[in-house]
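Taking the form predicted on its own, here's one chain by itself in structure tokens.
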């Protein structure tokens, strides 16, 4: 049985940590297995891999040590919407979820379309006292209005890690083309939210059986796939003259999008993508009141009413997201893309909201799930069901995002001897209940409230400092 012995204090440099007989996962080196790790004065002192009789009884169903997670897509709401989340509370939630680096989207108020706003975000992160690294994207266009490019060069000089109008797509193909060319000169990616808004006006839920029965306006898969196809076509045109251009497509959710990215990669185009934990497990059936995961539904087009799968009331507004929850077949396609490497990263799209914005009719509710703390647990459910290997999940939360960020990531990913410790420890065999007390985020808009999830995070260390400590039992064995 693993033992975790530590001399730690929240917020302080970790004095001493000794983890023995644990399961270590280091995607940077491609190694996974039984091992031990020592941290002294904030740095990794030694990593020992065990084999033979020393490894007997150690399996990936107990205490696991991995590099700190990197979230490519989150919303901490500051500035402008601090009643829903602040950088301080968001950082605390991230650490509780095992994340040591978080990349914030620019749909704040004001939008991060000027260097001064980006600097203010950095100042708020420093003032929070959290060691979690808070990075931010700059907006592609002024006010995220899609009409005129923002001052991309100034934003890059101020530390922007890329450019996105997230929450809104880059509507004009011409603007997208210019943005790709400009960002390429800055060696930064354009991160697009793929949505053809001409197909989504007034849409409330995925177009299909559930939306029809519940009387909700359907959101077609074509709205995403058409935008993905356009973006890839523009990228192909740009790289013909500017090979440094990079396009990242965020929160893909339908089978057609995954296939388009797969084919674009096969053609050698510099495109990457991410998928959220909720799009890797939940389906539109949850809006009707089902609570089974996608892989638990039977058949290509399951009917939750026929299957008697409805165990909760309909119209839980925490399930209203953009893009919407899709069919089980789309979830399975996303999982297949994760397994084969088409999906580069898992990003939470953490989107906390106040009760005022969620306690309304389903179609009027703000889009988003508060998901940075439940990401690991939801993914471990997929691992336990045999849908994806644990090592692949950890890679998509660490080295996958790191490759997309490139030189903008302040520290290398991995369990590296001599380097400042940047790691998280969780107990895969221990479950915890998601409730308003256990969540650190101000946003409690989660469809998983009241549910027990696997993977209790015991300790998160960012840049050698303690970001989160499970104080209930820090010396559990």
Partner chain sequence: MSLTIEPAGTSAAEASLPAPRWRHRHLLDLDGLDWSEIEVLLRTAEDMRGVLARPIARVPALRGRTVTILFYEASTRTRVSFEVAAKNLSADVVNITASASSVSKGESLVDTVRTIESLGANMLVMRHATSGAPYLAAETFSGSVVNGGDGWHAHPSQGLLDLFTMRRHLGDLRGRKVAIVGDILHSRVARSNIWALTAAGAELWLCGPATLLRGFEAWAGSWRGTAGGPDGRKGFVVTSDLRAALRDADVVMTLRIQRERQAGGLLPSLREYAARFGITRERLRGARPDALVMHPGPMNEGVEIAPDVAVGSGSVISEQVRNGVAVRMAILHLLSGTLAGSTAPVEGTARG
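These numbers were taken from a predicted model, which means no experiment stands behind them. Positions refer to the first chain, counted from 1.
The form predicted together with its partner chain exists for this protein as well; it is not shown, and the discussion that follows is about that form.
From the list 266-274, 386-394, 246-254, 203-211, the contact stretch for its partner chain in the predicted bound form under a 4.5 Å heavy atom rule is 203-211. Although the partner is absent here, residue 301 is a contact residue: one of its heavy atoms lies within 4.5 angstroms of its partner chain in the predicted bound form. Put simply, residue 338 is far from its partner chain in the predicted bound form: not one heavy atom of it is within 4.5 Å. Although the partner is absent here, residue 359 is a contact residue: one of its heavy atoms lies within 4.5 angstroms of its partner chain in the predicted bound form. The closest non-hydrogen atom of residue 217 lies within 4.5 Å of its partner chain in the predicted bound form. None of 146, 314, 79, 167 but one reaches within 4.5 angstroms of its partner chain in the predicted bound form through a heavy atom, and that residue is 314. This chain appears without its partner; in the predicted bound form, the one residue of 126, 310, 119, 233 with a heavy atom within 4.5 Å of its partner chain is 310.
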